[in-house]
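We've got the same protein chain twice here, in two forms, each standing alone as structure tokens: structure 1 and structure 2.
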Structure 1
């Protein structure tokens, strides 16, 4: 069902995927934007939500994002209609929701759990608009609104920079995953995606190899995201990398990652259906 992506509304309801990391600077927003674009190009109605108070997704794609109502405005006032939040793009199947003008206030108020009901209400509203995939770029750190978003999402992707520090943080990563599964027993941890991989740098490739030795195969995506100047140029122009001149190679990387995700989701649905019988 998930592989045949030549028409929209393939999922029985919106599949919400949180993209979260323990620390910033791991390429989370780059992954979110370009993965959403890959899903949309595959024919899936895709909503990209900027749940990072820094507003990195919005600032990367539209310079007017600070003037838009968005995700945190909904958390402050769930009566705001979704039509006021959703921003269409040039690609018919790709829309986004900015962080919003209330992001600075809402992000700093409330402990984990205080926004849970409103995050879930937001996702129900997205589902009612017949999106197939909702990707949520969260703030770094597994607390506050990020914690509530993961507790509400169907699935989770964890970007991890391919560097020696990534190896040292593995025990903390696994500990965090165990806590997340307690919060959301139905959470499908799709895996860790290595980012900023530099194949010409021994330390980076060694970190890649070591992480693949430390973590179970199902915990790491086969596809990794390279460090490439084209991502910076794309962000400067407010574009996904795939529409840039010379961006074909990077676009293919995200197509590969999308296919891996769809395969994992399909297997998960098959297991659920089997267990139900």
Structure 2
């Protein structure tokens, strides 16, 4: 069993999952916050890292987060101890690392590869703190720090907005993934997750259909995130939907996505164990 309800450590080290896409505004941050909350509610020690310099993961902490050091400060100075970066939340199993203050470390700054060692050092530090899962919300595009994050992570989730124009970017994304797989052959591409799906809008369901034609089934999550105003209200506050009034339905969607991810990780673990024998 990969993930147990009782508090236990599942892996010898943290499982890091990058949430990335070619395009902005597709729901990466929304997915990251809510998925991290779902993992934490399931009893996993979860760290959510904001690796987007324009990120809003720490929005709910706004006043405090202005003073906080974060991920980009660590990239600028890896001597910063993790305790200074980690922000606890009301949920014991859920902690955050804000993007931080280091303004000269924009996500696209520097060529791909220039931050690799430091991103890896950050993940090693997280591992030493005995997190089970580390979700990393990245900036859009597959370059700079985002490239180095995916090149260092164990797994990748690609949110994709369920609209026809968005789907057109998928072949380019697959090309980019092939490049990243060369840098990180162990990268477990968990798949594309459709976001903002509108079941009552033909263009949206057609986009869903075309994507399912375009990609092999294992590359697409069965769970899609519906378009719902509650996400806009929650993201204005930088909160998971589950803590909002009327957010239970949306919370259930993320529980189902979490279960799918667990299943996929479990399968790949079995494959690795099999290959090792």
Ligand SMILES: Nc1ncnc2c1ncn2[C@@H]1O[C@H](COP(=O)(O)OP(=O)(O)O)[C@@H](O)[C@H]1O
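Rigid core here is just the name for the largest C-alpha set that superposes within 1.5 Å across the two forms. What you are looking at is a predicted structure, and each value in this text was computed from that prediction instead of being measured. Numbering follows the first chain given and starts at 1.
Peer 1: When you get a sec, tell me if the form predicted together with the named molecule is 1 or 2.
Peer 2: Pick structure 2 here.
Peer 1: Rigid core fitted, is the C-alpha displacement of residue 246 between structures 1 and 2 2 Å or more?
Peer 2: Residue 246 C-alpha, core-superposed: shift of less than 2 Å.
Peer 1: Superposing on the core, what C-alpha displacement does residue 236 show between structures 1 and 2, in angstrom?
Peer 2: Superposing on the rigid core gives a C-alpha shift of 2.7 Å for residue 236.
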